[in-house]
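Consider the single chain below, provided in C-alpha cells and representing the form predicted alone.
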C-alpha cells in the first residue's frame, strides 16, 4: 500500500493543505494566511498609489516652475522691445504673404499659357500688366522693411547685452557660492567674482529711440495706403476662370490687410513697455500659444497648440479607421463566425498588438508612406483633396499605423462586451421572429454599447499616448496644419505632444525653461489620460448596471 506511506504524516504534524485552509495564528511571524494575503494585496495597492504619486509629484513639480520662468521670458521680451517690433513685423509678414500669393498666380498663369503653346516672350508680354501690379505691390512695403530691419538690429543688440549680463551675474553667484563652501580659496574666488563687469541695462532709455519712430511708421503707412489704392485700381484681369477666382480672393485678402494697417498703428501707439507680465499671461502663452519655437536668435515660444492639434488630428484619423474595423470584427467573431473562423481571426488580430511599435514605424517609413505617396500621384485620384501628397511622412501615414495598433485593443474589449450580453436577450429576440441580423443590430450591439464605448475610449488612450510611430512617420513639422486646404490638411506633416517630449528631452539643458516646458506638455498628456480613464470607468459602471 504505497499510497498510505506517501500520505502518512508524522505524529502531531498538521498537513500543509490543512494548515493553509485552517485558521491558525502565529505560524508566520504571528500572522495567519488570511492576514498575509491581505497584506500582500494591500501592499500591491500601496505600491501602485506610491508610484502614481511619485510620477504625479515629479511631473507637476518640474512643470509648475515653468510658469515663473516663462513669465520672466515674456518680461524680457517686452522690456527689450521685441514685442513692439513684432507688431510691425506682423504687418510686413502679411504684406510678404500677399506678395507671394500674387507670384503664385503669375506662375500658374505662365504655366497655363506655356501649355497652350505660347512662347516665353509672348507669355511675358501678355502678363506685363500683371507684373506691374505685382512689382508695385512688392515695392510698397520697402520702407517698412527698412524700418523693421533697423528696429530688429537695435533690439537684438539690447537683448544680447542683457543675456551677457545675466550670464555674468550667474557666473558671479556661482563663484560666491563656491567661496562660501571653500574658505581656503574664498579670497581668490571673491576677487574673481568682483572682477566681472556686469552691465546694468536701462531698458527704458534703450527703447526710447525705438518708440520715437512711431510717427515714421505712420508716415510710411500713409504712403503704403496710397500705393495699395493704386494697385487695387490697376489690377489686371486674367483670361482663365480659375486665375480670375484666385485674383478675386487676393482682393478679399487685400481688403482685410488694408483694414489691419490701422490696427497695427493703434497697437504700436498703445504698447506699454512698463506693463507688468502676469502669471496668467505665462500660462495662456503656453495653453493657447500657436508657436513652439526653441533656440531662436529672436524669441523662444512654448505654445502647445500646434502639438495638441497634431495629436488630435492623428488620434481622430486613427480612430476613424480603427473603430469600424475593430468593432465590426468583434461583432463578426462573436456573433457570426464559425468556430474555426474564431480560432483563426481572434488570435491573428490580437497578435498585431505584439508587434513592436518601432517595427511598425520602420514599415511606415520604408514601405507604407512611400506607397501612399505614389498612389496619391495617380491621375484619376487628383480630385481627392491634398492629392498628390507632397510629403510621404504626414498625419495620415502615422494615423493608419496607429489605427493598426488600436484595432486589437478595441477588438478585444468590444468582443468581451458583446460576449457579456445575456444570452436570454438574443434568444428572446429570435423567439419573437427577428432575424439574426436584426437581433445583432437592435439587441446585441445596443446592449453592449456602453462596453464598446469604453473600448473606444481606451483605444483613444492607446493612440494619443503612442510615441515611436508618430515620431517616425508624422513628419515632425511643428506647425498648425493649413486648414484652408480643407481635407487636404490631413496629408500635411505634423508633430505631437508625445513626439516632442521624446525628441527634445534628451537634448535640453536640465532645469532650463525648455526643460520645464516639456514637463508642462507631459502634464497636458497626463490630464488627457486621466480624463479618458475617468470616462471609461464611468461608462463601464453604467454598462454593468444596464445588464445586471
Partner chain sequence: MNKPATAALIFARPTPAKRAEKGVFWLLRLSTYFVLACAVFIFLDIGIKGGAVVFQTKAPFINVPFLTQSPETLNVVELDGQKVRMGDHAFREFKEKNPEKLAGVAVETYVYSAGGIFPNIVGTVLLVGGSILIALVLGVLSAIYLSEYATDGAFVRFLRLSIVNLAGVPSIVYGLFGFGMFVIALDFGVSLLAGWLTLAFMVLPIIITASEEALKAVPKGYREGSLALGATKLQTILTNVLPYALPGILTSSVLSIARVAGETAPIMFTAAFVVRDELPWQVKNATDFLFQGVMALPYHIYVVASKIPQNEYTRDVQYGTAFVFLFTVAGIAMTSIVLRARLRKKYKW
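Treat the numbers as computed from the prediction; the structure is a model and nothing was measured. Heads up, when I say rigid core I mean the largest set of C-alphas that superpose within 1.5 Å between the two forms. Positions refer to the first chain, counted from 1.
From this point on, the text means the form predicted together with the partner chain, which you will not see here.
Student: When you measure heavy atoms, are 386, 457 and 489 every one within 4.5 angstroms of the partner chain in the predicted bound form?
Tutor: Answer is no for this spot.
Student: To verify the annotation, which of these, 128, 184, 366, 378, has a non-hydrogen atom within 4.5 Å of the partner chain in the predicted bound form?
Tutor: Contact residue from the list: 366.
Student: Only one of 404, 98, 413, 175 has a non-hydrogen atom within 4.5 angstroms of the partner chain in the predicted bound form; which is it?
Tutor: So the residue touching the partner chain in the predicted bound form, by this definition, is 404.
Student: Of the listed stretches (323 to 331, 194 to 202, 421 to 429, 217 to 225), which one has a non-hydrogen atom within 4.5 Å of the partner chain in the predicted bound form?
Tutor: It is 323 to 331 that comes within 4.5 Å of the partner.
Student: Does residue 351 reach the partner chain in the predicted bound form, with heavy atoms at most 4.5 Å apart?
Tutor: Yes, residue 351 sits close enough to the partner chain in the predicted bound form that at least one of its heavy atoms falls within 4.5 Å.
Student: With a cut-off of 4.5 Å between heavy atoms, is residue 34 one of the residues that contacts the partner chain in the predicted bound form?
Tutor: Residue-level check for residue 34: yes, a contact with the partner chain.
Student: Please run the contact check for residue 518 against the partner chain in the predicted bound form: heavy atoms, 4.5 angstroms, yes or no?
Tutor: Because a heavy atom of residue 518 falls inside 4.5 Å of the partner chain in the predicted bound form, the answer is yes.
Student: Answer yes if any heavy atom of residue 341 is within 4.5 Å of a heavy atom of the partner chain in the predicted bound form; otherwise answer no.
Tutor: Contact with the partner chain, yes.
Student: Quick one: name the residues from 53 to 77 with any non-hydrogen atom within 4.5 angstroms of the partner chain in the predicted bound form.
Tutor: Stretch hits, in order: 54, 55, 58, 59, 61, 62.
Student: Spell out whether the Cα of residue 53 moves at least 2 Å between this form and the one not shown when the two forms are superposed on their rigid core.
Tutor: Residue 53: C-alpha displaced by less than 2 Å between this form and the one not shown.
Student: Would residue 43 count as moving between this form and the one not shown, using a Cα shift of 2 angstroms or more after superposing the core as the test?
Tutor: After core superposition, the C-alpha of residue 43 moves 2 Å or more between this form and the one not shown.
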